[in-house]
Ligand code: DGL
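Read the single chain below, which is given as structure tokens and is the form predicted on its own.
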């Protein structure tokens, strides 16, 4: 029997499951391995160095579990760690492995949606302070005006299953009011955190009907499909057994309950220590 070589998907907690869900829908034939670093979440408020060290540890753990290709399905980790891993760690230690993130696929297409040239980004404090979205968007659409808003309460609301509550309405409206105060011409908003799709219905209550809300799951799935087509040398290293294995660095029971909400179906994880 040949060795399973899954596509690794990493997140600081649960949010990356919204990415994995869309990837599996688009590319069901592959084997997948998901790792949530729930024991050390949240990453959003941590320093660049800490996020880099945590992310590298998790990526290396996935490499050790036969993943040749890893998707960092976390905006904070993509913003604070991906570039260093790609430019320093892979060439030195893992030249045959590849690591991709979730920020670039979104920034490559955002300009196709905006007619006014004014784009909003909603994200964690860490993602917003990194300026990764404005920097990446500038490369592809230098004419766009980008406005950011950090939403520190949104992830806790989702992770504590309060995302349907009136408290969620309060914080969502507050942050959106702040964003539109920066520009009333914003016609496209990037949900720059993988937790935020669970808040999409509430977000839509407080934005104009014709505004485009970009959620990353489908975008990243399309981008991965394109990447695998363009890189057959990597695609052939990804086994096709239609399996999904879930791991968490924290309590399996807690993970399974919350993860099922994010993934949209029952999740049974195993514990993975560091």
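Since the model is a prediction, treat every value here as computed from it, not as a measurement. Positions refer to the first chain, counted from 1.
FYI, the form predicted together with the ligand isn't displayed, but the following is about it.
- Proximity of residue 217 to the ligand in the model of the complex: non-hydrogen atoms within 4.5 Å are absent; the residue sits far from the partner.
- Put simply, residue 223 is far from the ligand in the model of the complex: not one heavy atom of it is within 4.5 Å.
- The ligand in the model of the complex is not approached by residue 80, whose heavy atoms all lie more than 4.5 angstroms from it.
- Contact between residue 193 and the ligand in the model of the complex is found at the 4.5 Å heavy atom cutoff.
- Note on the interface: of 71 to 79, 200 to 208, 171 to 179, 108 to 116, the segment with non-hydrogen atoms within 4.5 angstroms of the ligand in the model of the complex is 71 to 79.
- Of all the residues from 123 to 152, those having a non-hydrogen atom no more than 4.5 Å from the ligand in the model of the complex are 124, 127.
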